[in-house]
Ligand SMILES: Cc1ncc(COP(=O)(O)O)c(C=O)c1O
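Quick setup: one chain, the form predicted alone, written in structure tokens, and binding and motion questions come after.
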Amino acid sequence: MNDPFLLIRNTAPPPNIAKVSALADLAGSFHRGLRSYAATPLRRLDRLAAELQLASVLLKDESHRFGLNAFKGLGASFAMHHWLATHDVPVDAVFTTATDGNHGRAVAWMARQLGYRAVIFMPGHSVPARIAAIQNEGAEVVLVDDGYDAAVRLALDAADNRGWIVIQDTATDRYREVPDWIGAGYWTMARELEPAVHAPEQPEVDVVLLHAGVGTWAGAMVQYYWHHYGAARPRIVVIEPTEAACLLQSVRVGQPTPATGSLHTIMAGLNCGYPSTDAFDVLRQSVDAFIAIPDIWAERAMRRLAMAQGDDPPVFAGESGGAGVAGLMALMQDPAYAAVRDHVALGRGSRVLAWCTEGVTDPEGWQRVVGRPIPA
């Protein structure tokens, strides 16, 4: 049985940093012009840091972004804006995408603001609350029995056969430009941490935890760190569910390849069987480690974040949103990851940054895990 991790010993800068940086400048200006834009909060989790025997733990809480309960609005909004700025679009245009929930809601939200129709493809097993959130943005939802990767294919086919505009956050051999725009939109999250955490010369954190589905967000953050700091960047660990670790598997074999797990995980936003080809190219040698964690760690992180101790503020993270903290807890508490912990020098003096990329998107599931309803 393979270890649940992969160590990268000789890292190198990712491709296309200058291109994405220039796009990110445009994205930042666009976001600041949105009426609903505001920087999301940074939480200090000092009690959790003490429990894990770390110097500090910071959590960027994206559950407040645009009222969408997740960070995806940054990427989708800029990509749709940039498409309209660079194409002639008819008034009856249809925007479409595939999603496990958050990205599709973001596309539907932006389409409604722009006055366009949206059709969103979702896996057939999607929970009703995530479906309803997209429908409440005025979009049509099409359920796909064969899962997320099949939904992606249908969205791309809709562009070919119906002329719909696909705003997809995963790159394939036939679809590469828009995911770059989406990734550039995500840089706004990192730039909101300047200069307090992302100081000009050297970061004020030692280790950054990034969770991944297809890898577009993680890849964008990695490009930001290499652009901003070069070799002085913080050490970076990418976290995936054990049952959907498509990036770990792909980097292990040296090319994009399907995950070998069951694709059954509560971390629905990370439940992707095949990586973005561009994200694979970015991440394969530009981070320090990949780890795969079982669902039990996501559940523990959800409970720990919700039931705050000491002066730690409560954070109501979804199953995928808390994956960064879940990975940190696994790294510090499970001997199976000791080699990763040593490799990234994670210990008593370490200052750690994680991201809560979504709030509660499945209230019934959250209550089952945490043991109580979401506080009003």
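Residue numbers run from 1 along the displayed sequence. Not measured: the values here are computed from a predicted model.
One more form of this protein exists, namely the form predicted in complex with the ligand; it is left out here, but the text below deals with it.
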One stretch from 157 to 165, 71 to 79, 108 to 116, 291 to 299 that, in the predicted complex, holds residues within 4.5 Å of the ligand by heavy atom: 71 to 79
Contact flag, A171 vs the ligand in the predicted complex, heavy atom cut 4.5 Å: no
Partner proximity in the predicted complex: T216 to the ligand, non-hydrogen atom cutoff 4.5 Å: yes
V208 within 4.5 Å of the ligand in the predicted complex, heavy atoms: no
T97, heavy atom within 4.5 angstroms of the ligand in the predicted complex: no
In the predicted complex, the residue from L248, V287, A212, A184 that sits within 4.5 Å of the ligand by heavy atoms: A212
Contacts with the ligand in the predicted complex - residues in 234 to 270 whose heavy atoms fall within 4.5 Å: G269, L270
